[in-house]
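One chain follows as C-alpha cells, the form predicted alone.
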C-alpha cells in the first residue's frame, strides 16, 4: 500500500513519506512510538488516516496538532500541503526528540515541535487563540479534548477532532463543554479508510466566540473533571 495510490503526490512527497516510514520504524525499536509496525498498516492507519482531514484545511493556514505522538496528523498534513504552518505539541520529551529529527530529516520548513501539556501552552502569548485550526487524533474523550483545543483557535477558526466509530454519546456528552468554551459543532463526517472496514468520524467544531481565560483549567483537571 502506498500513499500515492490514494493521493496525488509529487516525487519529493513520495520520498518524504518513505523516509518518514523508515524513521518511524527505526526509532520505534528504541522508544515506543506506535504499536503499528507493519509497513502497509503504517501507511493506512497513520499516513492515509491523517490525510483524511486535509480537504477541510485551507492553504497557508496555521495549525496546531495537540498530542501529536509520532507526528500524526501534523507531519503527513505538512508533507501533503507545504503551505501549512504547523506546530506539533506533545507532553513526552522522547517523542519531541523523534519529531525534531523527522522535521530535519524530511527537510520540512515552517513546522516545529513543542514539549508541553496543552493546558500550559494554551496560556502562552503567541499560542492562545491564534491558530486557524487545532487538530487531534485519538487523544481524549471529546468533552476533555475540546478544552485542550478550543483555547488555541482564533474566533472563526476550527477544531478538527479525529475519532473512531460510535461517537453519538460522546458528542451528546460534549455539548455543554463546547458551548462553555465558545464553540459550535459545524459538521460530523463519517468515512471508511480505503481497502478496509475501519470506520472514522471527523468532528468539526467552529470557534464562534473567545474562550474565557479560566480555560483550560490546570493540567490534569480536564481529563478528571470534564466540563
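Positions refer to the first chain, counted from 1. Just so it is clear, the model here is predicted, and its values are computed rather than measured.
Absent from the display: the form predicted together with a small molecule. The rest refers to it.
Remark: of stretches 102 to 110, 78 to 86, 138 to 146, 122 to 130, the one touching the small molecule in the model of the complex is 138 to 146 (heavy atom within 4.5 Å). Among residues of the shown chain, residue 68 is one whose heavy atoms approach the small molecule to within 4.5 Å in the model of the complex. Under a 4.5 angstroms non-hydrogen atom cutoff, the small molecule in the model of the complex has residue 92 among its neighbouring residues. Proximity of residue 118 to the small molecule in the model of the complex: non-hydrogen atoms within 4.5 Å are present. Residue contact with the small molecule in the model of the complex: residue 72 places a heavy atom within 4.5 Å of it.
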